[in-house]
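Single chain ahead, written as structure tokens, the form predicted on its own.
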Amino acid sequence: MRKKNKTYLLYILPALLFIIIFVYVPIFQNFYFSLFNMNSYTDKWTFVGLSHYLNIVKDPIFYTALKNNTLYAVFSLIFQVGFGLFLAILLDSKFVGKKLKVLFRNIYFLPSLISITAVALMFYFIYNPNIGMLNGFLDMLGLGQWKTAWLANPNTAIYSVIAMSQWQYTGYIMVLLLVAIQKIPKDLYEAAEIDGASEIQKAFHITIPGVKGMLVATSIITVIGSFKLFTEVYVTTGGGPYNTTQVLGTYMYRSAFLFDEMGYGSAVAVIIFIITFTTSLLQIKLSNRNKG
């Protein structure tokens, strides 16, 4: 038995080393870098302790970025996970034929395969105030008074950025939940039908409890993705107008590469890690508590 256990360790060791070298070591290195004042033009490092973190919490742009990431996470949980669950239940129901199930599953999933940069550029033109499809569509409906420069208006810019990701990733979450739904024993549904349960009752009492684990997993994926947001904002608004669409990712990029404050940028990265790690642990803990 001991020899077999050692054999298992040999299989695990390469993956373990890979994770340590490329995940855990960079995390600790980044925290170490955040304690210094440094830039890319000199090898001189000045130890500043936690002063970068103190400066971050005094910066109003940080709170704007944090608010935008939180807003993005809330909308993503509602639309990507919530609406994705609704689509998954609908596609698994008897109201949709087998051929249509395959067709709609592919249609909804396809946007998640497109490059984020390509999607951001596409929506950049859709939101264009002069030649954009959105304003043209509003004109066609006789709602010209609603037209605006969607990405240049401080009141609509962040919501416009949020909308493009909901379109892209809802289908991806739907497919994950659909796979989980298909693993639920059919006997439960048959027993519910015998008892006279409606489709809505089956959804609330069988389907949703049956995919609870996948709901937690997709929620964690969605929240982590929300706080890692960067490309969509960088391509469309760059954090503008007037920093109203800044998120933690662009705030970190701006600090490290535009202002060449590498230590400050590392401190922002540490904060992003702490937020995502803590949020994930909290979601898992709440899920386990509900199981009990």
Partner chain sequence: MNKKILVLLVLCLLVISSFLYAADEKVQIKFLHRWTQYMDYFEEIVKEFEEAHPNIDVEMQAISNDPFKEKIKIVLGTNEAPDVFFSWPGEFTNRFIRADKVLDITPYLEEDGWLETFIPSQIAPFIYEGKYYGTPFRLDGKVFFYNKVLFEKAGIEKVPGTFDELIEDCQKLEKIGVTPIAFGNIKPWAVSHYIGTLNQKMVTDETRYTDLDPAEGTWTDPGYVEALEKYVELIPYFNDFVNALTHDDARATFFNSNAAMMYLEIVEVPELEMYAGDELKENWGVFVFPDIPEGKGNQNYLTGYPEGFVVSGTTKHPEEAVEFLKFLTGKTAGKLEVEMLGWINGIKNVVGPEDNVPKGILETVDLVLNAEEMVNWLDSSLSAKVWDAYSVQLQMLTDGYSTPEKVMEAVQKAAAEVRKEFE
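Positions refer to the first chain, counted from 1. This one's a predicted model, so the numbers in the text were calculated from it and none came from an experiment.
Heads up, the form predicted in complex with its partner chain isn't pictured, but that's what we're talking about next.
Undergrad: Taking 4.5 angstroms as the cut-off for heavy atoms, does residue 155 touch its partner chain in the predicted bound form?
TA: Yes - in the predicted bound form, heavy atoms of residue 155 and its partner chain come within 4.5 Å of each other.
Undergrad: Given that the partner is absent here, does residue 243 sit within 4.5 Å of its partner chain in the predicted bound form, heavy atoms only?
TA: Taking the distances in the predicted bound form, the answer for residue 243 is yes, it comes within 4.5 Å of its partner chain.
Undergrad: So in the predicted bound form, does any heavy atom of residue 185 sit within 4.5 Å of its partner chain?
TA: Flag for residue 185 set to no.
Undergrad: Does residue 51 make contact with its partner chain in the predicted bound form, using a 4.5 Å heavy atom cut-off?
TA: No.
Undergrad: What residues in 245-272 sit within 4.5 Å of its partner chain in the predicted bound form, counting heavy atoms only?
TA: The stretch 245-272, when checked against its partner chain in the predicted bound form, contributes 253, 254, 257, 258, 259, 260, 261 at the 4.5 Å heavy-atom cut-off.
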